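One chain follows as structure tokens, the form predicted on its own.
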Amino acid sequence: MKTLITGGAGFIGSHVAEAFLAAGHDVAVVDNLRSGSADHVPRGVRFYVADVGGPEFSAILAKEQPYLVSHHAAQVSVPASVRDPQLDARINLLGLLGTLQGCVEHDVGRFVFASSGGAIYGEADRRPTTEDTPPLPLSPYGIHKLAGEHYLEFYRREHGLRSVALRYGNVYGPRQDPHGEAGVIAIFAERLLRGERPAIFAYPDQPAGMTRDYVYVEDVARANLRALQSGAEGPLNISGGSPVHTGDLFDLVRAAYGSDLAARPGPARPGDVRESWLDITRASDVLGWRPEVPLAEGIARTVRDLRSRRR
């Protein structure tokens, strides 16, 4: 089946491209390389360096004629969205709208949207949090992801574009960028590799750090495959389903390194959600999907990859 993955040179998108290629699909990738890397694009896919949503992207759709578009092109930092909401809107909302419009104009059959669990739900009063929980996003990033899901529903009703929104938890694994504000496991690993003490961002009454759940990137790629095969629609939580404090997460990364460095405390950042973990029952029922890689094993793989790339 012909598939096109936006953001396919990025961390998650490149793993999704690999999974689709391994499953025998005909794969193309679009990425502007502002945050992705051409080295991440697997061999055997057609690669276009372009922005999504504009005339150039429309021409790519006309050439490729994909059945599926998997949309992973995004600005991924919550703090960055707080600092510059307009930039986040241009990339994460207007970019999505242009992509959806192009899909309608070129008869794309199915659309998979990389959405966000914790950022959309905010400080939910129910944990683990189900897809039926009223959304309370605390950041422009979460607001724009939620608005994106509403546009998916509009394009389904108005134009018949079938879609599913995969609400990711905290995705981690090989190729994640440790430079910046996204991907705490990659950041911890990079700091330890350089012999530096990373910060545990925390609220004063929650010194062990915020609570999150984590999902290995290859499990996320499998969820994308299942989303294509199942024909599921609407939002689905994709995550590990178990809560972990940031301080405990650091201890797992430190154990994988064999390091005795201690973390240093840091203040919570604007938009940081105190507690977030997702109920993945619906994904299990609808997609037949559950995460397969345990957290400690996934962290060990991530550390090995970072060390290998450093060598």
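A residue's number is simply how far along the shown sequence it sits, counting from 1. For clarity, every value in this text was computed on a predicted model and none was experimentally measured.
Keep in mind the form predicted in complex with a small molecule is missing from the figure; the text below concerns it.
Think of it this way: in the model of the complex, the small molecule has a heavy atom of just one of S116, T129, S239, S139 within 4.5 Å, and the residue is S116. Between the options V171, A165, I185, A223, the residue in contact with the small molecule in the model of the complex by a heavy atom within 4.5 angstroms is V171. Exactly one of the stretches 155-163, 226-234, 67-75, 120-128 approaches the small molecule in the model of the complex with heavy atoms within 4.5 Å, and it is 67-75.
Among heavy atoms of D26, none comes within 4.5 Å of the small molecule in the model of the complex.
Looking at A9, you'd find a heavy atom of it within 4.5 angstroms of the small molecule in the model of the complex. The small molecule in the model of the complex comes within 4.5 Å of no heavy atom belonging to G298. The small molecule in the model of the complex is approached by V52, whose closest heavy atom lies within 4.5 angstroms of it.
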